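Encoded as structure tokens, the following chain is the form predicted on its own, with no partner shown.
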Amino acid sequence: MDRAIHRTIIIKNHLLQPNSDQILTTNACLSYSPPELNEVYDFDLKEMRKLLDGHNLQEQDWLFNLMVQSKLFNPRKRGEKVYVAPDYNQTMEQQREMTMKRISYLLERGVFEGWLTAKGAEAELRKLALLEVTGIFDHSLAIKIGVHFFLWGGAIQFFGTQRHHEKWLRDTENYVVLGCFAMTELGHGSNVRGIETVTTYDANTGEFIINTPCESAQKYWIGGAANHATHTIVFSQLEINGKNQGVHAFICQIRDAAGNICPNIRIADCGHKIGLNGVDNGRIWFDNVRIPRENLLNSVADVSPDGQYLSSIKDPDQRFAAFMAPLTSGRVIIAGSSVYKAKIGLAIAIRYSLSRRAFSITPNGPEVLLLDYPSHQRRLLPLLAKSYAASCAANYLKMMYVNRTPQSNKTIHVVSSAFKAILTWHNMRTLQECREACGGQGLKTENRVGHLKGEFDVQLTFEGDNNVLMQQVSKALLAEYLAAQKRNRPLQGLGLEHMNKPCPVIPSQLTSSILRTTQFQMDAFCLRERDLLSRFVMKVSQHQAEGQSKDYALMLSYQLAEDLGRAFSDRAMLQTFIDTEATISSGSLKNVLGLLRSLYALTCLEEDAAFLRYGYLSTDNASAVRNEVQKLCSEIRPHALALVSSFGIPDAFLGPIAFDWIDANAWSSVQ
């Protein structure tokens, strides 16, 4: 009521002003004030970026500069700044051609040098770092490059042998051949073992014959197939002498050098999509397509000239597992890529909230910065903290991948499945919140955040549907638990060693100092994981005792499986954050990392209903967690600009509202 009376008096005074030619007075126009004038940098931004990006920072900056320098990357001036981003007003066909022109530009400047021919962890890390930069500019560009090098080229590297490496890798690196990867079918995506394409062998000619036996067997969503690819890796059931030997991979040419589709192959376009329209996704049918025997990628199994099936791995399940193990690279790449997109959204939304004001809280007082509202902090800063945790997780996953051994393949599969799911979900949630936090400006394509949602939605389902991946994680944990019980030995691997120790006890009363300790945070996460794993084991065993098959028992236990998958992912991610924090000596950098780690951990405790559902936290302790989250947000608020500046994303790759949004929207900008 007081505010209503106050507004009434103001309006009355305006209307009743005597002897005034101007009835209503105007306030001074808004002006943009760079947040750098008022915000404090309390730690070394370069050191923080090293921590976040982990490797190859100079190469990344080199590639950023290469893209900014070329008109192919669509530079446009808005206000006093120049921004680069794809022109989404172009038709689908134009976007596809621009993607190929950009690839040619990067190829000519040596960006892809050594991507398939250089060996060692350093070469792989450089490749991953540069691919991440292309994705910061445009998802279509990164996917088109990724399909060619990591899927087509990676399949030849990992499934092939010396003869394939010598024939195909250098030509792939130089784009003499353009590859794609034909695994997914209309009727089968996640269930690779169920694909319906069939390949037989003709011993008389020494050729394999590939067939699409029905419409559901058509290869679908094959990136590069619709327009540009000359060759593909075909995943198919292999039938030898009437016996199905399971899924195998073959090299097959689908176009000649002039771009003409090869005989007995039909290709159709998948059409317009909600994102990634710079990638030519296509559908492929094979009608008795003959390929040389040597085109079987034979690192796991081979067929002799006279048609005998040869493999040192006799068990079909183990053979399939060995065959699929190298495909984890896709999940590693997606996990890392999703973190960078969340960073783009947060950098734009937080910068905007540090210069955009709304409403005053005192009569005739100045309007308040968006990020000074506790509600706005609550929306964005927990997501910022989780993005820092996600960076630690993605770096850990990358290092595990580039230093992989045959013994670590199982761990990489489980961890990459978990992190791919948890990080892509985080990315989409972050982009949605950032879009809303930017208000109407978040709808403009040039401001990037809104459009990125459509571009990256696909990450939730390609290279494994996230819900399916979470169930795979839980199945792997179940197998580890049962194997340890059978051997009567402690659990070892996948970070489950904590289950060999006494069960953690949560204090009955949680104070601020307790809540912020790594000991409490890890205890809470481990308690949830070990309890959910025990419950999952009991639930599956109960269904099996009632006569259900193991697969059906697992299916009936899906809710616990998904809860357990998230518990494993969160605990593993918190561990990578703690390990990263431990590498920093005491000081301001370590202090702010501690705040971020606590905000990440306590937000997980607050948001997952399992902590209340299964009694890990009392309602009083849950309230204490919630209150502490708000305190942490207010303590991180002064560091917000420094934290997003540490991402190292050049200004040109953000959107106009991240900077002088008044100048960018001035009348002069439309002249």
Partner chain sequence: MASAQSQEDQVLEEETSFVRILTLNRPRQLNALSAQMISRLLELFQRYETDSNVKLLILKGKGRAFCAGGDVAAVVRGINEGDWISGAKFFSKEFILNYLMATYTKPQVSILNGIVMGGGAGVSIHGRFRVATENSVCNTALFLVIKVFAMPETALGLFPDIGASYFLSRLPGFFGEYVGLTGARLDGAEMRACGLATHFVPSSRLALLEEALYKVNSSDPAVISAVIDKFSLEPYLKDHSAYHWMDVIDKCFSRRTVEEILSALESESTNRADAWISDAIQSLKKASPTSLKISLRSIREGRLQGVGQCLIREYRMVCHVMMGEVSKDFFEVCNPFKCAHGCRAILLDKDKNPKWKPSKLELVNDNMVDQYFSKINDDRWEDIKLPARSNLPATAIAKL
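Residue numbers count along the first chain shown, from 1. Given the structure is predicted, the values throughout are model-derived calculations rather than measurements.
Same protein, other form: the form predicted in complex with its partner chain, not shown, and the subject of what follows.
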| item | value |
| --- | --- |
| Exercise: residue 638 in contact with its partner chain in the predicted complex, heavy atom 4.5 Å | no |
| Distance check, residue 58 to its partner chain in the predicted complex, heavy atom within 4.5 Å | yes |
| 4.5 angstroms heavy atom contact with its partner chain in the predicted complex for residue 614 | no |
| Distance check, residue 497 to its partner chain in the predicted complex, heavy atom within 4.5 Å | no |
| Interface residue in the predicted complex among 317, 287, 215, 108, criterion: non-hydrogen atom within 4.5 angstroms of its partner chain | 108 |
| Triple contact flag 39, 338 and 463 to its partner chain in the predicted complex, non-hydrogen atom at 4.5 angstroms | no |
| Its partner chain in the predicted complex - contacting residues of 434 to 459, heavy atom within 4.5 Å | none |
